[in-house]
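Below you'll find only one chain, the form predicted alone, shown as C-alpha coordinates.
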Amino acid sequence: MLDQHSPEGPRTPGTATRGETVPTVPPPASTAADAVDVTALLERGRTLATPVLRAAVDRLAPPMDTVAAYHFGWIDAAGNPAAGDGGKAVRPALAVLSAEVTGAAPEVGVPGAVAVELVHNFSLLHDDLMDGDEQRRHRDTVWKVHGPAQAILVGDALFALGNEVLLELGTVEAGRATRRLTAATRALIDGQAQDISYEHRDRVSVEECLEMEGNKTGALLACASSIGAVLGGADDRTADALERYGYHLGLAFQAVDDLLGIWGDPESTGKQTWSDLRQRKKSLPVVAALAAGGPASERLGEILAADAKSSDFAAFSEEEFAARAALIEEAGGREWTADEARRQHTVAIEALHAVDMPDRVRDAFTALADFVVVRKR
(Lines give C-alpha, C1' and ligand atoms only; values in the text may rest on other atoms or scores of the structure.)
Protein backbone atom coordinates (compact mmCIF):
# COMPACT_ATOMS: atom_id res chain seq x y z
CA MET A 1 0.00 0.00 0.00
CA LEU A 2 1.00 3.60 -0.43
CA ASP A 3 2.11 5.98 2.31
CA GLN A 4 0.02 8.30 4.41
CA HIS A 5 -0.50 10.75 1.54
CA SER A 6 -2.99 8.32 -0.01
CA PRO A 7 -4.41 5.97 2.66
CA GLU A 8 -6.57 4.05 0.22
CA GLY A 9 -3.85 3.69 -2.40
CA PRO A 10 -4.13 4.88 -5.99
CA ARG A 11 -7.45 4.46 -7.79
CA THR A 12 -7.69 3.17 -11.31
CA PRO A 13 -7.55 6.25 -13.53
CA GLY A 14 -9.68 6.95 -16.53
CA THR A 15 -8.44 6.50 -20.04
CA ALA A 16 -5.92 9.09 -21.20
CA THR A 17 -3.43 9.23 -24.02
CA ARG A 18 0.11 10.48 -24.44
CA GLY A 19 0.38 14.02 -25.76
CA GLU A 20 -3.13 14.98 -24.66
CA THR A 21 -3.97 18.67 -24.81
CA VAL A 22 -5.79 18.90 -21.48
CA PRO A 23 -3.77 20.08 -18.44
CA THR A 24 -1.64 17.41 -16.76
CA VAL A 25 -3.40 18.14 -13.46
CA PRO A 26 -6.90 19.69 -13.26
CA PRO A 27 -6.78 23.33 -12.17
CA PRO A 28 -7.35 24.32 -8.51
CA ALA A 29 -10.59 25.93 -7.43
CA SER A 30 -11.03 29.53 -8.53
CA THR A 31 -9.55 32.21 -6.27
CA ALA A 32 -8.73 35.91 -6.41
CA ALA A 33 -5.49 34.83 -8.07
CA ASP A 34 -7.47 34.06 -11.24
CA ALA A 35 -7.25 37.76 -12.06
CA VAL A 36 -3.44 37.72 -11.97
CA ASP A 37 -1.65 37.73 -15.32
CA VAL A 38 0.85 34.90 -14.79
CA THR A 39 2.43 35.45 -18.19
CA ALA A 40 3.20 39.04 -17.18
CA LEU A 41 4.66 37.85 -13.85
CA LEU A 42 6.96 35.40 -15.60
CA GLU A 43 7.94 37.97 -18.20
CA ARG A 44 8.69 40.56 -15.51
CA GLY A 45 11.08 38.18 -13.80
CA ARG A 46 12.74 37.30 -17.09
CA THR A 47 13.02 40.94 -18.20
CA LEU A 48 14.53 42.12 -14.92
CA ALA A 49 16.94 39.20 -14.54
CA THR A 50 18.17 38.63 -18.10
CA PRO A 51 20.44 41.70 -18.52
CA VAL A 52 22.19 40.94 -15.20
CA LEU A 53 22.36 37.25 -16.07
CA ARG A 54 23.95 37.99 -19.44
CA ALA A 55 26.46 40.36 -17.85
CA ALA A 56 27.44 37.62 -15.39
CA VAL A 57 27.87 35.05 -18.18
CA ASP A 58 30.01 37.54 -20.13
CA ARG A 59 32.59 37.31 -17.31
CA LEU A 60 33.37 33.72 -18.20
CA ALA A 61 36.55 32.95 -20.07
CA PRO A 62 36.23 31.74 -23.69
CA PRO A 63 34.90 29.34 -24.81
CA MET A 64 32.81 28.96 -21.64
CA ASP A 65 31.02 32.25 -22.30
CA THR A 66 29.75 31.09 -25.69
CA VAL A 67 28.93 27.59 -24.42
CA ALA A 68 26.84 29.13 -21.63
CA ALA A 69 25.18 31.51 -24.10
CA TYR A 70 24.21 28.49 -26.23
CA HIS A 71 22.76 26.73 -23.18
CA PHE A 72 20.64 29.78 -22.30
CA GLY A 73 19.37 29.97 -25.89
CA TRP A 74 20.99 33.31 -26.73
CA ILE A 75 23.01 31.87 -29.63
CA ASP A 76 22.79 28.79 -31.83
CA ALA A 77 25.43 26.07 -32.18
CA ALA A 78 27.25 28.13 -34.84
CA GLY A 79 27.41 31.19 -32.58
CA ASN A 80 24.69 33.17 -34.35
CA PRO A 81 22.19 35.19 -32.26
CA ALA A 82 19.08 33.17 -31.43
CA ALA A 83 15.81 33.72 -29.66
CA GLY A 84 15.75 30.32 -28.01
CA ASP A 85 13.40 29.02 -25.35
CA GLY A 86 14.99 30.10 -22.07
CA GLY A 87 12.66 28.05 -19.89
CA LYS A 88 9.60 28.96 -17.86
CA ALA A 89 11.37 31.57 -15.66
CA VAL A 90 9.39 30.53 -12.58
CA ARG A 91 12.39 30.98 -10.25
CA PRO A 92 13.21 34.56 -11.31
CA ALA A 93 9.52 35.45 -11.05
CA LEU A 94 9.39 34.11 -7.49
CA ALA A 95 12.60 35.86 -6.45
CA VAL A 96 11.54 39.33 -7.58
CA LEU A 97 8.03 38.80 -6.22
CA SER A 98 9.36 37.84 -2.80
CA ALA A 99 11.16 41.17 -2.51
CA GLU A 100 7.75 42.84 -2.59
CA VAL A 101 6.71 40.95 0.55
CA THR A 102 8.92 43.39 2.47
CA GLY A 103 7.64 46.46 0.65
CA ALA A 104 10.81 46.69 -1.42
CA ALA A 105 10.84 47.23 -5.17
CA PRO A 106 10.99 44.07 -7.29
CA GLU A 107 14.44 45.14 -8.50
CA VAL A 108 15.80 44.41 -5.02
CA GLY A 109 15.25 40.73 -5.71
CA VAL A 110 17.12 40.72 -9.04
CA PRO A 111 20.54 39.60 -7.70
CA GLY A 112 18.77 36.73 -5.94
CA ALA A 113 16.86 35.86 -9.11
CA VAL A 114 20.09 35.77 -11.11
CA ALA A 115 21.95 33.75 -8.47
CA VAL A 116 19.20 31.13 -8.30
CA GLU A 117 18.97 30.96 -12.08
CA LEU A 118 22.73 30.43 -12.37
CA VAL A 119 22.62 27.58 -9.84
CA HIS A 120 19.58 26.06 -11.52
CA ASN A 121 21.35 26.03 -14.88
CA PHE A 122 24.50 24.61 -13.32
CA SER A 123 22.35 21.66 -12.28
CA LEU A 124 20.76 21.33 -15.73
CA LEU A 125 24.12 21.19 -17.49
CA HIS A 126 25.36 18.46 -15.18
CA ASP A 127 22.05 16.57 -15.08
CA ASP A 128 21.80 16.42 -18.87
CA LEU A 129 25.24 14.85 -19.04
CA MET A 130 24.67 12.41 -16.18
CA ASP A 131 21.25 11.39 -17.50
CA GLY A 132 22.39 11.17 -21.13
CA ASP A 133 19.66 13.63 -22.20
CA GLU A 134 20.26 14.76 -25.77
CA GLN A 135 17.48 17.36 -25.96
CA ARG A 136 16.53 20.32 -23.79
CA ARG A 137 14.18 23.12 -24.80
CA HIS A 138 13.87 21.66 -28.31
CA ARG A 139 17.63 21.80 -28.97
CA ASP A 140 20.64 19.52 -28.57
CA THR A 141 22.05 19.72 -25.05
CA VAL A 142 25.41 21.33 -24.34
CA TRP A 143 27.30 18.09 -23.84
CA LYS A 144 25.97 16.85 -27.17
CA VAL A 145 27.14 19.99 -29.04
CA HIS A 146 30.25 21.08 -27.13
CA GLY A 147 31.26 17.87 -25.37
CA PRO A 148 31.10 16.56 -21.79
CA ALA A 149 34.12 18.53 -20.57
CA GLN A 150 32.57 21.88 -21.46
CA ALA A 151 29.25 20.89 -19.89
CA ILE A 152 31.06 20.15 -16.62
CA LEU A 153 33.26 23.26 -16.68
CA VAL A 154 30.48 25.67 -17.60
CA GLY A 155 28.21 24.17 -14.96
CA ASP A 156 30.91 24.67 -12.33
CA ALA A 157 31.44 28.24 -13.51
CA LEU A 158 27.73 29.09 -13.27
CA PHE A 159 27.63 27.74 -9.72
CA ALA A 160 30.54 29.99 -8.72
CA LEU A 161 28.97 32.99 -10.46
CA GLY A 162 25.76 32.54 -8.52
CA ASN A 163 27.53 33.06 -5.22
CA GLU A 164 29.63 35.88 -6.64
CA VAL A 165 26.60 37.84 -7.84
CA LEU A 166 25.21 37.85 -4.30
CA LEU A 167 28.39 38.39 -2.31
CA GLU A 168 29.57 41.36 -4.35
CA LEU A 169 26.56 43.28 -2.99
CA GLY A 170 28.57 43.48 0.24
CA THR A 171 25.56 43.71 2.58
CA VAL A 172 24.49 41.73 5.63
CA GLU A 173 21.37 40.70 3.73
CA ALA A 174 23.50 39.41 0.85
CA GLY A 175 25.44 37.22 3.29
CA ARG A 176 22.20 35.79 4.65
CA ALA A 177 20.92 35.18 1.13
CA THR A 178 24.15 33.42 0.14
CA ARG A 179 23.90 31.06 3.11
CA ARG A 180 20.40 30.07 2.02
CA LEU A 181 21.55 29.61 -1.58
CA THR A 182 24.49 27.38 -0.62
CA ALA A 183 22.28 25.25 1.65
CA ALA A 184 19.76 24.86 -1.20
CA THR A 185 22.55 23.95 -3.62
CA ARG A 186 23.88 21.25 -1.31
CA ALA A 187 20.36 19.79 -1.00
CA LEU A 188 19.96 19.92 -4.78
CA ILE A 189 23.18 17.94 -5.23
CA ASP A 190 22.03 15.44 -2.58
CA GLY A 191 18.83 14.99 -4.56
CA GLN A 192 20.66 14.34 -7.81
CA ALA A 193 22.86 11.76 -6.08
CA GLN A 194 19.75 10.05 -4.70
CA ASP A 195 18.10 10.13 -8.13
CA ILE A 196 21.07 8.41 -9.77
CA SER A 197 21.35 5.78 -7.04
CA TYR A 198 17.65 4.94 -7.32
CA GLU A 199 18.04 4.08 -11.02
CA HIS A 200 20.04 1.00 -9.97
CA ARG A 201 17.56 -0.26 -7.37
CA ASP A 202 14.61 -2.55 -8.03
CA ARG A 203 12.40 -0.75 -5.52
CA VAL A 204 12.22 2.76 -4.07
CA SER A 205 9.57 3.78 -1.55
CA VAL A 206 7.23 6.70 -2.09
CA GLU A 207 8.78 8.38 0.96
CA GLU A 208 12.27 8.04 -0.50
CA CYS A 209 11.10 9.44 -3.82
CA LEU A 210 9.46 12.46 -2.17
CA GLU A 211 12.62 13.10 -0.13
CA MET A 212 14.74 12.98 -3.28
CA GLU A 213 12.41 15.31 -5.18
CA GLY A 214 12.23 17.68 -2.23
CA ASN A 215 16.00 17.96 -2.38
CA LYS A 216 16.37 18.04 -6.14
CA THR A 217 13.57 20.48 -6.96
CA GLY A 218 11.98 21.76 -3.76
CA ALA A 219 15.12 23.18 -2.18
CA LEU A 220 15.97 25.61 -4.97
CA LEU A 221 12.37 26.74 -5.47
CA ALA A 222 12.24 27.30 -1.71
CA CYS A 223 15.31 29.50 -2.00
CA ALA A 224 13.86 31.39 -4.97
CA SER A 225 10.66 32.07 -3.02
CA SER A 226 12.50 33.66 -0.11
CA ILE A 227 15.75 35.13 -1.46
CA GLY A 228 14.25 38.42 -2.63
CA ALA A 229 12.59 38.90 0.73
CA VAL A 230 15.91 38.24 2.50
CA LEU A 231 17.61 40.83 0.30
CA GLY A 232 14.77 43.20 1.20
CA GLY A 233 15.46 42.74 4.92
CA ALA A 234 12.87 40.11 5.90
CA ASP A 235 13.42 38.34 9.21
CA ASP A 236 14.10 34.60 9.38
CA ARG A 237 10.51 33.74 10.37
CA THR A 238 9.19 35.36 7.20
CA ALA A 239 11.90 33.84 5.02
CA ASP A 240 11.32 30.38 6.50
CA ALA A 241 7.58 30.56 5.77
CA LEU A 242 8.26 31.61 2.19
CA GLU A 243 10.72 28.72 1.91
CA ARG A 244 7.99 26.32 3.04
CA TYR A 245 5.77 27.66 0.28
CA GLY A 246 8.55 27.20 -2.28
CA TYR A 247 9.52 23.74 -1.03
CA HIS A 248 6.00 22.33 -1.37
CA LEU A 249 5.55 24.19 -4.64
CA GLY A 250 8.70 22.41 -5.79
CA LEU A 251 7.21 19.03 -4.89
CA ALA A 252 4.06 19.92 -6.86
CA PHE A 253 6.25 21.11 -9.73
CA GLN A 254 8.25 17.87 -9.74
CA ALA A 255 5.13 15.70 -9.56
CA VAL A 256 3.85 17.40 -12.70
CA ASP A 257 7.31 17.06 -14.27
CA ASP A 258 7.20 13.33 -13.53
CA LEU A 259 3.86 13.06 -15.32
CA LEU A 260 5.26 14.94 -18.29
CA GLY A 261 8.37 12.77 -18.24
CA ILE A 262 6.21 9.77 -19.16
CA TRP A 263 3.07 11.13 -20.83
CA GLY A 264 4.12 14.60 -21.98
CA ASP A 265 3.93 15.61 -25.62
CA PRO A 266 7.50 15.93 -27.00
CA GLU A 267 6.37 18.94 -29.04
CA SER A 268 5.63 20.71 -25.75
CA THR A 269 8.32 19.28 -23.45
CA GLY A 270 11.23 19.35 -25.90
CA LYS A 271 12.28 15.87 -24.72
CA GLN A 272 12.10 12.39 -26.22
CA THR A 273 8.97 10.28 -25.98
CA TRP A 274 8.79 8.27 -22.74
CA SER A 275 11.84 10.24 -21.55
CA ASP A 276 11.90 9.08 -17.91
CA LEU A 277 11.17 5.47 -18.81
CA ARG A 278 14.13 5.43 -21.19
CA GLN A 279 16.36 6.50 -18.27
CA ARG A 280 14.82 3.95 -15.85
CA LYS A 281 13.96 6.78 -13.47
CA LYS A 282 12.14 5.88 -10.27
CA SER A 283 9.82 8.84 -10.59
CA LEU A 284 6.62 9.27 -8.57
CA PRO A 285 4.25 7.54 -11.03
CA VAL A 286 6.57 4.53 -11.14
CA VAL A 287 7.11 4.16 -7.38
CA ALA A 288 3.42 4.81 -6.65
CA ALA A 289 2.41 2.13 -9.16
CA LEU A 290 4.89 -0.37 -7.69
CA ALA A 291 3.61 0.36 -4.17
CA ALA A 292 -0.05 -0.03 -5.08
CA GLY A 293 -0.28 -3.82 -5.23
CA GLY A 294 -2.52 -5.72 -7.59
CA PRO A 295 -1.91 -7.51 -10.91
CA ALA A 296 -0.73 -4.47 -12.90
CA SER A 297 1.64 -3.44 -10.12
CA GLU A 298 3.10 -6.93 -9.84
CA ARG A 299 3.52 -7.27 -13.61
CA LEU A 300 5.20 -3.86 -13.76
CA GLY A 301 7.61 -4.91 -11.01
CA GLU A 302 8.55 -8.07 -12.91
CA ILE A 303 9.16 -6.15 -16.13
CA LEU A 304 11.24 -3.40 -14.50
CA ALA A 305 13.34 -5.99 -12.66
CA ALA A 306 14.03 -7.70 -15.99
CA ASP A 307 14.80 -4.32 -17.60
CA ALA A 308 17.48 -3.66 -15.01
CA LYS A 309 19.30 -6.79 -16.17
CA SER A 310 18.81 -6.14 -19.89
CA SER A 311 21.83 -5.32 -22.04
CA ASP A 312 19.78 -4.00 -24.98
CA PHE A 313 17.44 -1.63 -23.10
CA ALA A 314 18.38 1.29 -25.34
CA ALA A 315 17.08 -0.64 -28.34
CA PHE A 316 13.57 -1.08 -26.94
CA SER A 317 10.75 -0.10 -29.30
CA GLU A 318 8.18 2.62 -28.76
CA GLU A 319 5.60 -0.12 -28.16
CA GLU A 320 7.65 -1.59 -25.32
CA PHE A 321 7.87 1.77 -23.55
CA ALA A 322 4.16 2.38 -24.21
CA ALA A 323 3.35 -0.96 -22.57
CA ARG A 324 5.26 0.02 -19.44
CA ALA A 325 3.48 3.38 -19.31
CA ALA A 326 0.12 1.61 -19.66
CA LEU A 327 0.91 -0.64 -16.69
CA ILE A 328 1.93 2.37 -14.57
CA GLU A 329 -1.39 3.99 -15.39
CA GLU A 330 -3.41 0.81 -14.83
CA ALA A 331 -1.79 0.38 -11.40
CA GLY A 332 -2.82 3.93 -10.49
CA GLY A 333 0.56 5.67 -10.58
CA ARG A 334 -0.58 8.40 -12.90
CA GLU A 335 -3.64 9.39 -10.90
CA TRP A 336 -1.82 9.17 -7.55
CA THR A 337 0.87 11.54 -8.82
CA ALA A 338 -1.71 14.04 -10.06
CA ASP A 339 -3.41 13.89 -6.64
CA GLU A 340 -0.04 14.44 -4.94
CA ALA A 341 0.62 17.51 -7.09
CA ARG A 342 -2.70 18.98 -5.93
CA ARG A 343 -1.95 18.11 -2.28
CA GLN A 344 1.47 19.75 -2.37
CA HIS A 345 -0.09 22.80 -4.04
CA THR A 346 -2.53 23.10 -1.11
CA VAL A 347 0.25 22.84 1.49
CA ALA A 348 2.25 25.50 -0.37
CA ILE A 349 -0.64 27.96 -0.31
CA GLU A 350 -1.26 27.29 3.38
CA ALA A 351 2.34 28.25 4.16
CA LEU A 352 1.61 31.77 2.91
CA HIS A 353 -0.90 32.26 5.74
CA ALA A 354 2.01 32.79 8.17
CA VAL A 355 3.30 35.81 6.22
CA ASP A 356 1.94 39.35 6.34
CA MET A 357 2.05 40.72 2.79
CA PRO A 358 -0.02 42.89 0.44
CA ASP A 359 -3.02 41.08 -1.06
CA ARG A 360 -1.75 41.59 -4.61
CA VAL A 361 1.55 39.87 -3.71
CA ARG A 362 -0.28 36.97 -2.04
CA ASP A 363 -2.51 36.60 -5.11
CA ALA A 364 0.57 36.55 -7.33
CA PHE A 365 2.20 33.77 -5.26
CA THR A 366 -1.06 31.81 -5.50
CA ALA A 367 -1.32 32.34 -9.25
CA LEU A 368 2.24 31.10 -9.78
CA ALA A 369 1.44 27.99 -7.75
CA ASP A 370 -1.68 27.40 -9.86
CA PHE A 371 0.42 27.75 -13.02
CA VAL A 372 2.85 25.11 -11.81
CA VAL A 373 0.22 22.39 -11.39
CA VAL A 374 -1.63 22.95 -14.68
CA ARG A 375 1.33 23.43 -17.05
CA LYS A 376 1.90 21.20 -20.10
CA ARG A 377 5.69 21.66 -20.39
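In this text, the rigid core denotes the largest set of C-alpha atoms whose superposition between the two forms falls within 1.5 Å. The numbering used is simple: start at 1 and walk along the sequence shown. Just so you know, these numbers come straight off a predicted model, no measurement behind them.
Omitted from view is the form predicted in complex with a further copy of the same chain, to which the following refers.
Proximity of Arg59 to a further copy of the same chain in the predicted bound form: non-hydrogen atoms within 4.5 Å are present.
a further copy of the same chain in the predicted bound form comes within 4.5 Å of a heavy atom belonging to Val172. Taking non-hydrogen atoms only, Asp190 approaches a further copy of the same chain to within 4.5 angstroms in the predicted bound form. At the 4.5 Å threshold, heavy atoms of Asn163 reach a further copy of the same chain in the predicted bound form. Looking at 71-79, 123-131, 103-111, 276-284, the stretch with residues near a further copy of the same chain in the predicted bound form, meaning non-hydrogen atoms within 4.5 angstroms, turns out to be 123-131. Shown here without its partner, the chain carries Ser268, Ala308 and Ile328, none of which come within 4.5 Å of a further copy of the same chain in the predicted bound form through any heavy atom.
Interface residue among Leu210, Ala241, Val204, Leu167 relative to a further copy of the same chain in the predicted bound form, by the heavy atom within 4.5 Å criterion: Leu167. For the options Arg237, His138, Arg186, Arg299, the one in contact with a further copy of the same chain in the predicted bound form, meaning a heavy atom within 4.5 Å, is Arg186. The Cα position of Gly103 differs by less than 2 Å between the shown form and the other one after fitting on the rigid core. Once both forms are fitted on their core, the CA shift for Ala183 between the shown form and the other one remains under 2 Å. Once both forms are fitted on their core, the CA shift for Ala305 between the shown form and the other one remains under 2 Å.
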